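We begin with a single chain expressed as structure tokens, specifically the form predicted alone.
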Amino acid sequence: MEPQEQTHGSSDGDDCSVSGFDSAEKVIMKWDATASEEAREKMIFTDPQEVKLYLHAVDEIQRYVSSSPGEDLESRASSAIQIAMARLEDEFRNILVSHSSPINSDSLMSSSSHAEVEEDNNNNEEEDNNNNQEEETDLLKRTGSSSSSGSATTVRLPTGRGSYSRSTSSIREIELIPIDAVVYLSWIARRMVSAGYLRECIQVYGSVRKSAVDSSFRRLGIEKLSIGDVQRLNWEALEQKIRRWIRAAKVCVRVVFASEKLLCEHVFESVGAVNIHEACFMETVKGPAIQLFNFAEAISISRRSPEKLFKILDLHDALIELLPDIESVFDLKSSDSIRVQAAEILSRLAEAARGILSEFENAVLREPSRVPVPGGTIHPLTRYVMNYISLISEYRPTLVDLIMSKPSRNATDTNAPEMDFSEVENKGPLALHLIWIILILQFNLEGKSKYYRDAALSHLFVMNNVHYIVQKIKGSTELREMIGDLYLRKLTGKFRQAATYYQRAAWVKVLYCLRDEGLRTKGSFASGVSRSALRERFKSFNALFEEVHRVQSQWLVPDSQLREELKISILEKLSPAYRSFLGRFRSHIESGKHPENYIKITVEELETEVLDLFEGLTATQQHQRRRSE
């Protein structure tokens, strides 16, 4: 227990007591590091008996100073106090330095916290990142705290709480320094403050503990980057740093800062000076806290671009989750600036997310590519936009709170589609933004479809892309719920309409060849069929079908089910028409010369040829397939 204060002139019966000014002064001078080699090499606070003697001596001298003993004694007492305070400052620093290692693998254990900082299994970072991850994981294991050894003296907590480390549902305050060392620090701090050395005490404590916090930061992979440094990083590097920051920030706030605050309370709470533990806490963590939050601030004010949205939302979610803990740890008046900075960053991240969504909508509307994609397949813009809004739907809980206004069309912008909100009047702002993005994507795709010279391919392109939009919506529960079945049915009708337009544009001329009109005549044939007209009709059909087959075998319908449905729909019209035409007119051709020059394909062969369509085959591949058959 702490050495008890004694009144001036008490008896010498207790071996551990120091009575009288001369005896106290002698003890102080014995440990004057400027006058003794032994005093420079040894530390007082490694021997409990020496600790008691020295602190009793300091108390004795301080009593003499406060009692106005006379000019001679006052001068000696003042000199002794200066020497004693210099020595206690060294002892204070030595105890702190001896226990200033960064938080290690035996410091924490929490299965829930462990999950928070685990690296995503799919994220293959560089080896040094993996090492940092191991350190972060280490910071989430909790075992029994260590205590210093060798002391026969019974120690107690200065606060009388009976327990050093503590935890709440998220904050995990741990023992940074063994209890007996904390008690020694408290004893020294009390005497330094009493003697008027408050500033020196705070400076020593803050400088040593800040170094320990800096070491923990390095172990967590938190770098000292200015806002400018962060904004100059390429996005790939920044993504990795954001992932690391999110994991590390939770440990910093809930463990590192919270534990430093608890340590300050235990060391300084019984010292007596008003708010000294607050001052020491801020001296220790203000710089690291600013360093930590500057990174998030740099992201919040960086140049906006669509690829940044989801990492900004990750940062926003992490910070909003941490905000109650930040307010709890930094609940002191002196730490107002930290709480304000965190709240302002959160607000700027929210504004950045809203701004990026708006800019993304404009980018989709104005995406300028004019080169048609080969074969009328799915445009890269369609894949990108639908994957993007599928991800947006996964952030629905966050974005529902952030997106509070409906999308709006610039009244003077004639290059934007109209949107009738009455069709989706029951939808919230986020859902309306997603529907608006889909609408302007279709608007852009309609424009791109006009760059195809073949009208049939233009319709096939629209069909493919709108069908892809529908399938992406159906494949995401969240996205489908937001878009709604009513609008989904409208989109389904859109791609089916495009499929109908394609068939009309592609096959009407072929089917037109299979009509009866123009074949019958009042001539020499009893049958009333003009053989020459019939031969020309077969030649036209053969030429048109061969050209359609050649061209459309190179076109693409990537979705296998849609591809088969389209082929079946074509055959349902073409196959019966050709079979009927052959049935009516085959005999007229076969009764003449060289029928094989006119009837070049059977119904079965025609059906096989149609099955080649929409496979994206080159002319060479088509030839090879025919040879293999």
Partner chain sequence: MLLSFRRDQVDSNAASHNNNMEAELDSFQRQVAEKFTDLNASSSGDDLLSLEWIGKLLDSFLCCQEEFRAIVFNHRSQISASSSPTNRLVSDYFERSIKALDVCNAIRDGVEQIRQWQKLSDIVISALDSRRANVGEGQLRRAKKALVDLAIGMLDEKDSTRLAHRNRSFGRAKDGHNRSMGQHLRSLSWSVSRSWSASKQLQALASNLTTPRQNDVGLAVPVYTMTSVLLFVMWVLVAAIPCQDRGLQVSFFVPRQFRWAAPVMSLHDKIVEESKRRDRKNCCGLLKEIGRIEKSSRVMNELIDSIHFPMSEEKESEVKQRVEELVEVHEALKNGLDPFERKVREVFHRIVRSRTESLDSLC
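The term rigid core refers to the most C-alpha atoms you can superpose between the two forms while keeping them within 1.5 Å. These figures come from a predicted structure and were not determined experimentally. Positions refer to the first chain, counted from 1.
What follows is about the form predicted together with the partner chain, which we do not show.
Hey, in the predicted bound form, does Q503 get a heavy atom within 4.5 angstroms of the partner chain?
-> So Q503 does not count as contacting the partner chain.
Is P324 close enough to touch the partner chain in the predicted bound form, meaning at least one heavy atom pair within 4.5 Å?
-> So P324 does not count as contacting the partner chain.
S540: touches the partner chain in the predicted bound form, heavy atom cutoff 4.5 angstroms | Result no; S540 lies far from the partner chain in the predicted bound form.
Can you check whether E536 is within 4.5 Å of the partner chain in the predicted bound form, heavy atom basis?
-> No, no contact at 4.5 Å.
Quick one: from G493, G475, G196, P374, grab the residue that has a heavy atom within 4.5 Å of the partner chain in the predicted bound form.
-> Among G493, G475, G196, P374, a heavy atom within 4.5 Å of the partner chain in the predicted bound form occurs only for G196.
Which of S328, S79, S170, S100 has a heavy atom within 4.5 Å of the partner chain in the predicted bound form?
-> Spelling it out, the residue with a heavy atom inside the cut-off is S79.
Taking the partner as it appears in the predicted bound form, which of 244 to 252, 201 to 209, 428 to 436, 483 to 491 has residues with heavy atoms within 4.5 Å of the partner chain?
-> The contacting stretch here is 201 to 209.
Which residues, if any, of 275 to 311 lie within 4.5 Å of the partner chain in the predicted bound form when only heavy atoms count?
-> Stretch hits, in order: E283, K286, I290, Q291, N294, E297, I301, R303, R304.
Is the C-alpha displacement of L198 equal to or greater than 2 Å between this form and the one not shown once the rigid core has been superposed?
-> True for L198: a C-alpha shift of 2 Å or more.
Is W31 one of the residues whose C-alpha moves 2 Å or more between this form and the one not shown after the core fit?
-> Indeed, W31 is displaced by 2 Å or more.
Fitting the rigid core first, would the Cα of Q62 be found 2 Å or more away between this form and the one not shown?
-> It does, since the Q62 C-alpha is displaced 2 Å or more between this form and the one not shown after the core fit.
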